[in-house]
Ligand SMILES: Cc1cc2nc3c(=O)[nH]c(=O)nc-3n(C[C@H](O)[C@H](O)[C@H](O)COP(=O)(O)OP(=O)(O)OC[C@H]3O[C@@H](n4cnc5c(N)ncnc54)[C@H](O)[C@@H]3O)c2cc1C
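First, one chain by itself: the form predicted on its own, in structure tokens.
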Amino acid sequence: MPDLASLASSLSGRVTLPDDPAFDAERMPWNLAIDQRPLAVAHPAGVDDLRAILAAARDTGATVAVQPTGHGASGALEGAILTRMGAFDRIEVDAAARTATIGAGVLWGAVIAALEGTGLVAPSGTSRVVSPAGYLLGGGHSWVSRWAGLGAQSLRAAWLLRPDGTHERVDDASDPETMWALRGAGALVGIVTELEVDLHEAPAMAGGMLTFEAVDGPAVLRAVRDAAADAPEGLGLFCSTMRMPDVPMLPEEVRGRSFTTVEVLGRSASDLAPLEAIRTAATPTSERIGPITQAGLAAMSMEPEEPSPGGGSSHALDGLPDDAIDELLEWRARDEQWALVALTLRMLGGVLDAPRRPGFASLAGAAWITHALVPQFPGAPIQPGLASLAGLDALLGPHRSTRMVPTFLGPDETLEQCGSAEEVAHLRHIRDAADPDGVLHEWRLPR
């Protein structure tokens, strides 16, 4: 094992080594089911510390793997110095220019709070505790993607520490090849310390949630599918089938229940017109629709805000024909699928089909993206959840698109699922030129 004791004494920040009692807690990612085993966990205080980490990795034959908040874990990280970017916490909003500069250690919740009252929204995901850096550099799909594009499309420029120690601002004019790679595979070409992103005007958003009985799921999903055919660009729509376990940590009103939800966000209230057809298909048991801010939207998502173990899988789909809907929901209702708590379908299209900036990440041409969740509750076996995910993969396989966004990849999935063979080869060419010594972790490049 490489000796990194000298690195620990040379940083203004800190390094946690395996003999430290805190190491096991610090090495874990957000999904506690993934067992990361790095050589060390580094918490740099600034760019000079990052340079020292790169030098130590080069000297010892280690690699550097940046994981801002623990999200996006993709492997065990043997031989890597796991680097957390929490000290890079600057946020600067220029409302007049509709831009923000965001440090690599910032969380989306802080950005959303900084934008309250401006009438501007950031291309954030559904969770407030995800890092914009990991989200934007991995593609990032959000509520606003049908009219703002993938999160990566909002990336205007980045401050990048290259493997040779050069720290500079890059944009499409100065380094188009690097920017193409940063928009979807950013971890491969350098360490991003700050990002410059577009903000989007949305002063009058409206949205919320409709809840339906589980028996109405097929009718609701068909209505959602049909509404997508001519939905306005300003409409974001998610449809979820929920099957909640009867466990004490859940609220009484949902414990042990199955139901279907339709969650929507309109850039303005007029974008919500397609909801009428969905209400006609089935009567909601509850409805909360009205004016909403980005902060309110983040709260509505009810995303967990503490690390926990679990499994999941995602698929980008070309379409949802009637037979696929019937087969999916019939399979979903079987007793043996109890471990699959949530299955969400997100409507794509809009400007996603015409990216305004070049980038590796793309969902152009795909119609839906799905995400399945199988939490690991204390004392419950994990095999049923894994079997459900495998069954779902087989079920949706015939409808799968050729594109996926890296932020939706599972732990063992690679960038081969996100682009053509030519695009992946081009990405490897850019990486090899940027990092000829291979000091950066290969992340999701196919081995």
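What you are looking at is a predicted structure, and each value in this text was computed from that prediction instead of being measured. We number the residues from 1 along the sequence you see.
One more form of this protein exists, namely the form predicted in complex with the ligand; it is left out here, but the text below deals with it.
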item	value
Distance check, residue 78 to the ligand in the predicted bound form, heavy atom within 4.5 Å	no
Contact of residue 361 with the ligand in the predicted bound form (heavy atom, 4.5 Å)	no
Contact test in the predicted bound form: residue 126 vs the ligand, heavy atoms, 4.5 Å	yes
4.5 Å heavy atom contact, residue 69 to the ligand in the predicted bound form	yes
Region of this chain that lies against the ligand in the predicted bound form, out of 378-386, 404-412, 418-426, 38-46 [heavy atom, 4.5 Å]	404-412
In the predicted bound form, the one of 311, 207, 217, 134 near the ligand [non-hydrogen atom within 4.5 angstroms]	134
Residue among 148, 187, 239, 340 with a heavy atom within 4.5 Å of the ligand in the predicted bound form	187
The ligand in the predicted bound form: contacted by all of 104, 192 and 303, heavy atom 4.5 Å	yes
